[in-house]
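Just one chain follows, in the form predicted alone, and it is written as structure tokens.
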């Protein structure tokens, strides 16, 4: 997987910037704790994505924001207003569901303006607002089309526009791209980001898809076992994972556990037998147990030795051709490293069984101590 987006990082947060504040949120279902003391804020106009594996509690948290589940403990405020006792229909939120929930017997205009009709807006106002939204969605002239005439991506945009037309303070998105094929999902990731930027709305997106999170988000929250384990920009979460779980869940990585030695720079004596020279940081202890994460795209594989801070000789155990990229699995002693690099011409591909040099610089080795 490629690294995260290079969008500029959000400005420092102030109280007036906060659109949503979640404090100590907890949800219990009998003996099961689905959400365990989660706290975070979402800035006004931010695209915030909550990502985690199935069953981690992210959908339960989304439903509590929407008012569809009552919290066991903790609080939620939106634009400074306490939402604890506010029912779902009274909250300044709107949701895009995983199954889109479009009406097959209504045309695009009727689907798009359904929320406005429920709010009592006249047909002329609805028509004007629909045309404006269709411009934003890049679906000009589609108002009278039947829903079944639209592609999956077009239907997705209509569902998004329907929720946005009610002008919610917070738009909740429950894995709306999960049913799309890979190519269309990639296209819609960029469309979501474009629409968000055009409207400057506040998005809270829930997904298990790390690529969506890295591509579209201003910030990412990573959940595991009901807890929020890290919040940061896509680059921070990818480059500086707070835990071994985050390192392995967000993208691919080579992760090693071992003993830390800070006597002469940062070195990790891994349990698998490799000595890895890692990037120095002030927060790394002088000794003790830790992990070191090395992303596959930071590792070079060559027919000759590699000039790097960490350089080893190994054997190609496997290779996976992916078009633009090729992933090599290289054994170094009892260790198997995964390295991803641009694919060479066919005749230049390294073969299984080849003896190779493999290496990476210390700045590519990130030590995790939690």
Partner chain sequence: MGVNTETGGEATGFSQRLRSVSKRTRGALVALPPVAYLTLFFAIPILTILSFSVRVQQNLQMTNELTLDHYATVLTSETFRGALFYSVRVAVITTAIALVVGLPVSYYLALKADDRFRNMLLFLVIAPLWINFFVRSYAMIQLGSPQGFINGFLLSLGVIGEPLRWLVYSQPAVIFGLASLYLPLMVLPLYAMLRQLDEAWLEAAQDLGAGPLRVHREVTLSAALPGMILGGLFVFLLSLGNQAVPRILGGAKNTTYSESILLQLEGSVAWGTAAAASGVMMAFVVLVLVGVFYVFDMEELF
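Numbering follows the first chain given and starts at 1. What we label the rigid core is the largest C-alpha set whose atoms superpose within 1.5 Å from one form to the other. Predicted, not measured: the structure shown is a model, and the values here were computed from it.
Another form exists, predicted together with the partner chain; not displayed. Remarks below refer to it.
Participant: Residues in which of 291-299, 270-278, 202-210, 105-113 have heavy atoms within 4.5 Å of the partner chain in the predicted complex?
Facilitator: Result of the contact check: 105-113.
Participant: Quick check: do 89, 101 and 166 each get a heavy atom within 4.5 Å of the partner chain in the predicted complex?
Facilitator: Yes, because 89, 101 and 166 each have a heavy atom that approaches the partner chain to within 4.5 Å in the predicted complex.
Participant: Answer yes if any heavy atom of residue 68 is within 4.5 Å of a heavy atom of the partner chain in the predicted complex; otherwise answer no.
Facilitator: Residue 68: contacts the partner chain in the predicted complex.
Participant: Looking in the predicted complex, any heavy atom of residue 95 within 4.5 Å of the partner chain?
Facilitator: Yes - in the predicted complex, heavy atoms of residue 95 and the partner chain come within 4.5 Å of each other.
Participant: Looking at the partner-bound form in the predicted complex, is residue 336 within 4.5 Å of the partner chain by any heavy atom?
Facilitator: It does not: once the partner chain is placed as it appears in the predicted complex, residue 336 has no heavy atom within 4.5 Å of it.
Participant: Is it the case that residue 117, even though its partner is missing from this view, gets within 4.5 Å of the partner chain in the predicted complex, heavy atoms only?
Facilitator: The answer is yes: residue 117 has a heavy atom within 4.5 Å of the partner chain.
Participant: Out of 63, 26, 43, 319, which one falls within 4.5 Å of the partner chain in the predicted complex, going by heavy atoms?
Facilitator: Only one listed residue qualifies here, and that residue is 63.
Participant: What are the residues of 31-56, in order along the chain, with a heavy atom within 4.5 Å of the partner chain in the predicted complex?
Facilitator: Stretch hits: zero.
Participant: Determine, after fitting the two forms on their core, whether residue 169 shows a C-alpha shift of 2 Å or more between this form and the one not shown.
Facilitator: No, residue 169 moves less than 2 Å.
Participant: If you line up the core, does residue 126 shift 2 angstroms or more at its C-alpha between this form and the one not shown?
Facilitator: Yes, shifts by 2 Å or more.
Participant: So that I can tell if residue 115 moves, could you say whether its C-alpha shifts by at least 2 Å between this form and the one not shown after the core superposition?
Facilitator: Moves: yes, 2 Å or greater.
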